[in-house]
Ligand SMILES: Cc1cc2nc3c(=O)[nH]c(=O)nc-3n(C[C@H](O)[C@H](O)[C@H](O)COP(=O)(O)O)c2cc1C
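Taking the form predicted on its own, here's one chain by itself in structure tokens.
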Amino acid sequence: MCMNSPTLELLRSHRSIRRYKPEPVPDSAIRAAVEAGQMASTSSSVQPTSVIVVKDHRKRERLAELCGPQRYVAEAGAFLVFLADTRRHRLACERDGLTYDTRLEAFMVSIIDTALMAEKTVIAFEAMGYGICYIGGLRTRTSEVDELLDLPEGVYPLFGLCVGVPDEQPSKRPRLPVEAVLFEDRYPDDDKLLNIMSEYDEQYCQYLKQRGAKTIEGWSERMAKKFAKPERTDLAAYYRGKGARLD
């Protein structure tokens, strides 16, 4: 088996790109990437994903505001919105005289399968030489995004994706060591995890110093602060309002 294949090198080279050259991404490239993304694994062939390519300048500008603001949402060569989509399944039930009655499992499958397809799409874009950046900020003001994109019941916006020709070469952000995520037979005890995290914190601080970051703190300190307070607390109500069952 080849451990240094071009595909592995492509995966290892990933960076989030936030500055793009003013060049549009051709429709043919978007179609090719999404078509490749469709080959991602999907539970029972459910295929609960759709993608909206936002081309309207005013909508792009508005989305840039709703997502942060994050200017590169408006400035990237293309901006895609990934949707967990149960609309087709609901229409099939209605056509056949059945009641669409799935619960948390269906909602989870739609989210998981959308994430799988999105990552395959990203790999396709990167294989073509484009840079990307996922935009989780799309969920910050979800109801307004929903209205802007005129989404029907059963269609849930999950995240955006900036795509374009890179105009920067950011350094590689270090990931947790493999020992922190790959285990044999059982989950490790907390002491082992804390020791690995402590070592990673040192590496993470060094990375931030090299980037010239204003705030230097370890990864675990940053995560503790992040998860010590709730974010986007209206999401459950929004998704329920769109027809999701969380029970």
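Just so we're clear, the structure is a prediction, and the values are computed from it rather than from any experiment. Residue indices: 1-based, along the sequence shown.
This protein has a second form, the form predicted together with the named molecule, left out of what is shown; the following refers to that one.
- Partner proximity in the model of the complex, defined as non-hydrogen atoms within 4.5 angstroms of the named molecule, places exactly one of 182 to 190, 65 to 73, 39 to 47, 23 to 31 at the interface: 65 to 73.
- The single contact residue among Val165, Cys133, Val145, Ala106, judged by any heavy atom lying within 4.5 Å of the named molecule in the model of the complex, is Cys133.
- Although the partner is absent here, Lys225 sits far enough away that none of its heavy atoms falls within 4.5 Å of the named molecule in the model of the complex.
- Although the partner is absent here, Arg175 lies within 4.5 Å of the named molecule in the model of the complex, judged by heavy atoms.
- Residue contact check for Tyr100: none of its heavy atoms lie within 4.5 Å of the named molecule in the model of the complex.
- Although the partner is absent here, Gly137 sits close enough that one of its heavy atoms falls within 4.5 Å of the named molecule in the model of the complex.
- Contacts of stretch 113 to 132 with the named molecule in the model of the complex, defined by any heavy atom lying within 4.5 Å, are made by none of its residues.
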